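The form predicted alone is given below as one chain in structure tokens.
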Amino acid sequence: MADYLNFIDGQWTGASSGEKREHFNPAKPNESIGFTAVSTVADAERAIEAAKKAAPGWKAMSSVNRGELLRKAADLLEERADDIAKTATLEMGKRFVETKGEALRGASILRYYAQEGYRTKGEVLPSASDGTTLLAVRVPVGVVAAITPWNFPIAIPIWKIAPALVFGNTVVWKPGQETGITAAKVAEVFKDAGFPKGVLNLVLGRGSVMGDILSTHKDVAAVTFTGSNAVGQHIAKLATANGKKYQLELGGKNPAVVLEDANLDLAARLVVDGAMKQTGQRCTATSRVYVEAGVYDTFVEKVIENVKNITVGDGLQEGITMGPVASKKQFDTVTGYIQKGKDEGAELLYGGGTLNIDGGYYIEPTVFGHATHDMTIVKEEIFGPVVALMKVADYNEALERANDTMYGLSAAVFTDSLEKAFHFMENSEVGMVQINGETGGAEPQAPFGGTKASGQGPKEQGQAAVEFFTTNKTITINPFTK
């Protein structure tokens, strides 16, 4: 099997320790798909040094030319979408149609930020002094560490890397270890697009080893992280103690509210899509649903009808609508939550079991009903194909319950009432609100991120990205020399 290596200072290189990790297909756990380097702190330090060395030249390049390189990368990513998507499916189980869509989304993100190279980088401000010109310009922060998860191994890294690069920063990228092969193929896109050496560096390895050095090294100016709350808070402490900017996108426990005046067919279909797409392994997945009492039974029937149409299997096969979870660890975590739901008295309406298909990590799409707000499956992020339905008296109770959580990433309401839709928009305590839509999804031009424990620091994507990847510099020009 092939070896996939670190990419440091324009060169592919193995880990200084010589250690490798073997990757297996979660749909067929005995099928090896390749090896990746397992980096050490010394490898991370070399990557940071390369990024620091490349920073002055990259910053000096016109932002228009930096954007042109992103556009070339977009073209290459689109050309290689099938290969990269297949690799991601083999590494973490998500269906090929989903990973292909993710790769194409990555190309769209690159094209969006390529155009950022043409935008203004600041503004001219009025000065109180006659004849004085006052400027506020945006400048890059320096070396950025991007620490990304396994569940979206193409799109999430790109929506961090693309704005970092176009705004003039250099990057050290540490991807989720589970999807290191996919990461290497994405890094190769940037290499082949002609980015100067040292501008983007890839280090593969354990987060427990790499996270600390990337969050504390004196030459790293900013850390952008997507992942678990526990790791995110650890990174925040390290970054704060070492005077670094940080950006955290963390977990979610995303609610959907279904009111009596809703289109129940639409609501049921989108709740199921929101809960089960990507096998529920996304931070924006629909996880808990509050349904007005008058339509609860009818809504449950429609949800079950939709769930019965899900076909579980290898994500590379035609006609499959849900793949395996990403790993044995994830399999054990999700099945553990399902058992807690049963033990705590939730009504198992559908699924709840596992499927023996080629020894893969398959879990049935699972629907619980008559859950209560204090149950574990309602309070904690599961990151699997599990959704809990709850009956509420009215909209006010639904909103109160939806907001009663440590998380604040995404929420949806299904209603034909313009008044309630606008009230939900104003009062839902999340970073992203969907009206008659599923909780997942965001477009490249729109800010992405949550509130409460779901996110800290400036939002990602769209124009919001400039807040994190640049800093303001104020310049006063006085033409009088005497």
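From 1 onward, residues are counted along the sequence shown. Quantities reported herein were computed from a predicted structural model and do not represent experimental measurements.
Keep in mind that the form predicted together with a small molecule is missing from the display, and what follows is about it.
Looking at 301-309, 257-265, 167-175, 365-373, the stretch with residues near the small molecule in the predicted bound form, meaning non-hydrogen atoms within 4.5 angstroms, turns out to be 167-175.
In the predicted bound form, the small molecule lies within 4.5 Å of some heavy atom of T148.
Looking at G252, you'd find a heavy atom of it within 4.5 angstroms of the small molecule in the predicted bound form. Residue contact check for R119: none of its heavy atoms lie within 4.5 Å of the small molecule in the predicted bound form. In the predicted bound form, no heavy atom of G274 sits within 4.5 Å of the small molecule. Contact with the small molecule in the predicted bound form, defined as a heavy atom within 4.5 Å, is made by none of R269, L399 and A421. In terms of contact with the small molecule in the predicted bound form, the residue from E188, E381, D314, E98 that brings a heavy atom within 4.5 Å is E381. Scanning G211, G352, P140, G408 against the small molecule in the predicted bound form with a 4.5 Å heavy atom cut-off leaves one residue, G211.
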